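In structure tokens, the next block holds one chain alone, the form predicted alone.
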């Protein structure tokens, strides 16, 4: 017999937890809502995995970082879901989704039907085995997407204490995990093909600070090359990373962070797609009535820039979840909600530094402040100016008030007559808006 629910959230990540809270706020009857997740635990704040979860002392552990603590809200424990009559269907992988008959089928052959579906499947990590990289299946070549991955990493760090770690990739995961490994007393080398780290966001001027800062912490950085193979010992444990430039790096642990892919395969040919994701409107409704997509998988109209975007970040996962549920409940009662008007926001923390970015990183970039990696308390940033307006702002070392100020600038897009004057004015420009 199929289990039937009014609402099903497919996926158990950040978006699922925030959607569940919004459903509870809007008022649902016990038994109306189910979350189906292949993970074995209730939704949690995924950013903790590359930060607090890896601390050598007082490491974060569940139930401490279940959603919705990441945005200062109540922690939704497994008991919270049962108290609200929300069914958590965990350790369950859906292998078939038939949107026409509103039916989901699990790998164990169980079927679930729904009236309204929220697709919150998120992303999967890109693995080196996907490209047939020689030796990439060796033990201790690790990835980080979910709590099982984090547990494997913690176990490997304990087994290979004070060893050599190679981090493949210079983006978010690469930077955060290199810091975490260094704090755990590993000898760390970062390898990435681009001319500087985090190239999707950082300019050369921004990257120069972070590369210098990491180098001062004792992290070795190898740019402009990629891993083409791995050596392993008789136990199958990785021992070395072979680089395209001919160098070989010793390694007890390898962590790969080379990007992700939105998990949309279940819906291929059934729903309109765009930007590699599932196309939605400003309420996260897809081309199929009663089906919504939120978080990483949604390609939605970004009102501020009048274009379709897909955003892979926890802030959008939270906000898109809330928007979709409000829209679903409003539609049922014949009311309406305003369109999603998102301001892109990214942030990161590692060692004693943290940055925030708002807006769009297009146009001419204007570096301000002191980006000397040896500074005691670094504070610097970058404005992006396009068509005579500031469209994006990055700030390292900002206070809460300063971070709010740069968010206002990115939203307001004030005009700039003189780029040189903007450089001199620096953060004071934001403070005036």
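Numbering follows the first chain given and starts at 1. Since the structure is predicted, the reported quantities are computational estimates derived from the model, not experimental observations.
Just so you know, the form predicted in complex with a small molecule exists too; it's not on screen, but the next bit is about it.
With the small molecule left out of view, which of 242, 160, 217, 313 would have a heavy atom within 4.5 Å of it in the predicted bound form?
Here the answer is residue option 313.
If the cut-off is 4.5 angstroms on heavy atoms, which of these, 322, 176, 87, 211, is the one near the small molecule in the predicted bound form?
Only one option qualifies, and that one is 176.
Where does the small molecule sit in the predicted bound form: which of 74-82, 193-201, 325-333, 359-367, heavy atoms within 4.5 Å?
Of the stretches listed, the one contacting the partner is 193-201.
Give a yes or no on whether each residue among 52, 56 and 181 has a heavy atom within 4.5 Å of the small molecule in the predicted bound form.
So, no: the whole triplet misses the small molecule.
How about residue 303 - does it come within 4.5 Å of the small molecule in the predicted bound form, if we only consider non-hydrogen atoms?
No, residue 303 is distant from the partner.
In the predicted bound form, does residue 172 come within 4.5 Å of the small molecule, counting heavy atoms only?
Yes, contact at 4.5 Å.
Can you tell me if residue 116 lies within 4.5 angstroms of the small molecule in the predicted bound form, counting non-hydrogen atoms only?
Contact check for residue 116: no, nothing within 4.5 Å of the small molecule in the predicted bound form.
Taking any heavy atom pair closer than or equal to 4.5 Å as contact, tell me whether residue 168 reaches the small molecule in the predicted bound form.
Result yes; residue 168 sits at the interface with the small molecule in the predicted bound form.
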